[in-house]
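One chain is shown next in structure tokens, namely the form predicted alone.
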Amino acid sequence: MSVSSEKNVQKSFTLPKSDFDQFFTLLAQMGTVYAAVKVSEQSFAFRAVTSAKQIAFDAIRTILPPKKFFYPPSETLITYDKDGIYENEPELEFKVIFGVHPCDLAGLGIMDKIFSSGHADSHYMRQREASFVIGHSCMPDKHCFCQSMGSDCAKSGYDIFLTDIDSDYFIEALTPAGDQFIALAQPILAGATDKDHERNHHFWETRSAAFTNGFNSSNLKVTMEGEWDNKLWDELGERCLSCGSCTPVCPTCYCFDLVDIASLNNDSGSRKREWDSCQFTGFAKVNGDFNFRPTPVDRLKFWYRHKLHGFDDAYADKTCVGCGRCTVSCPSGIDDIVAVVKALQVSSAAKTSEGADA
């Protein structure tokens, strides 16, 4: 998929679920297919699959989001020896990533903006270009609040998108690459009829009504700034373990550290980029033993601000996509973003009411 060459070439088709094996065979001809598979009683992960039977179509969220394919947890950026310094450009594996839900597609869109802006990150962009992304519809569970974040419907980031409409899939092609694949799959596809469009519309209306978790996101910036000194932050900070579990699972967390690894004889080595977390005690520590965010409270407030409105000024986007991964992964239960935001909004509304009565 070419991030820079996306254009609206959207067309709609249907695929009988009985023909999905043939559809999968066409995908596998493009490259290695990755999809959600069940890895424990409650967990799913994107893994390489060789058969449609391995795919967990009912997966709500994977442990790690699809950002791991383009921005891996650890990667070598450069190597060096006595003769020079070399940019590391490993051989690319073309990836077909199947079953990316709307919230994760929104997350990829944010990561694309970050890594393509200014001096584009060549390592991310090379991986992103060598991919074909298939979005897939889903139904929310009690942790999903993507509707509140405006990321409940897929707008971009995919080549084709599949919506489950009973015995068929409603398929939309968005990019030139998606259009080319649709042309190859024509023998097993049919053009979408008015009835198919009605079924597709019915699914998304039903899904929209199925959300049980969320909040009003129109006043997040005012709420966060007005409640910066709320005692709730102290309560959350007392429970925070600074374990950083919330950041690797987030579709849009992109902080990293650079690690230099030298050989024992010191005449060669490498520089690696590894995921880091703003929740780690030493993340904001600088020379002179000074820490810009020394306490869990400082770090939590920073993370919440960045997720809920800190990205607005630069990109007009929020970096929380409402996937619920941080809520599920937090061992202390302090990353229930919906509960925290609602509590802050109640406090903010109370202050406003008191001011009006004064």
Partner chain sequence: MPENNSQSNCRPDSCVQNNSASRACTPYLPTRAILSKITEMAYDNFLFEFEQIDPIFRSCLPGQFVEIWIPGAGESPISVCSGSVGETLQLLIRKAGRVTKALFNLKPGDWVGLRGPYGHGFPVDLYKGKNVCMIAGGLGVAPLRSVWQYLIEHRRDYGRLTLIYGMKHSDEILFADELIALRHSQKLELFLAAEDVTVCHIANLEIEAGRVTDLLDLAELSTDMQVAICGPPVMYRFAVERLRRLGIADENIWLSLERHMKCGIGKCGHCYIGGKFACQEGPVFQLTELANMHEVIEYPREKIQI
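Residue numbers count along the first chain shown, from 1. Worth saying up front: this structure is predicted, and the values here are computed from it rather than measured.
Although it is not shown, the form predicted together with the partner chain is what the next lines describe.
Engineer: Against the partner chain in the model of the complex, would residue 207 count as a contact residue? Criterion: heavy atoms within 4.5 Å.
Structural biologist: The answer is no: residue 207 has no heavy atom within 4.5 Å of the partner chain.
Engineer: Residue-level question: is residue 167 within 4.5 Å of the partner chain in the model of the complex, judged on heavy atoms?
Structural biologist: The answer is no: residue 167 has no heavy atom within 4.5 Å of the partner chain.
Engineer: Taking heavy atoms and a 4.5 Å cut-off, does residue 193 contact the partner chain in the model of the complex?
Structural biologist: Output for residue 193 is no: heavy atoms all beyond 4.5 Å of the partner chain.
Engineer: Are any of the heavy atoms in residue 152 no more than 4.5 Å from a heavy atom of the partner chain in the model of the complex?
Structural biologist: Residue 152 lies outside the contact set for the partner chain.
Engineer: Just one of 233-241, 182-190, 143-151, 114-122 has residues with a heavy atom within 4.5 Å of the partner chain in the model of the complex, so point it out.
Structural biologist: After filtering at 4.5 Å, what remains is 114-122.
Engineer: Only one of 203, 283, 215, 211 gets a heavy atom within 4.5 Å of the partner chain in the model of the complex. Which one?
Structural biologist: The residue from 203, 283, 215, 211 that makes the contact is 283.
Engineer: Answer yes or no: in the model of the complex, does the partner chain come within 4.5 Å of a heavy atom in every one of 34, 41 and 93?
Structural biologist: The answer is no: none of the three residues contacts the partner (heavy atom, 4.5 Å cut-off).
Engineer: Taking heavy atoms and a 4.5 Å limit, what residues of 223-242 are near the partner chain in the model of the complex?
Structural biologist: Those in contact are 225, 228.
Engineer: Which is it in the model of the complex for the CA atoms of residue 312 and residue 155, closer or farther than here, knowing they shift by 3 Å or more?
Structural biologist: It is farther: in the model of the complex, the C-alpha atoms of residue 312 and residue 155 lie at least 3 Å more apart than they do here.
Engineer: With a change of at least 3 Å, which way does the C-alpha separation between residue 137 and residue 312 go in the model of the complex: closer or farther?
Structural biologist: It is farther: the C-alpha separation of residue 137 and residue 312 rises by at least 3 Å in the model of the complex.
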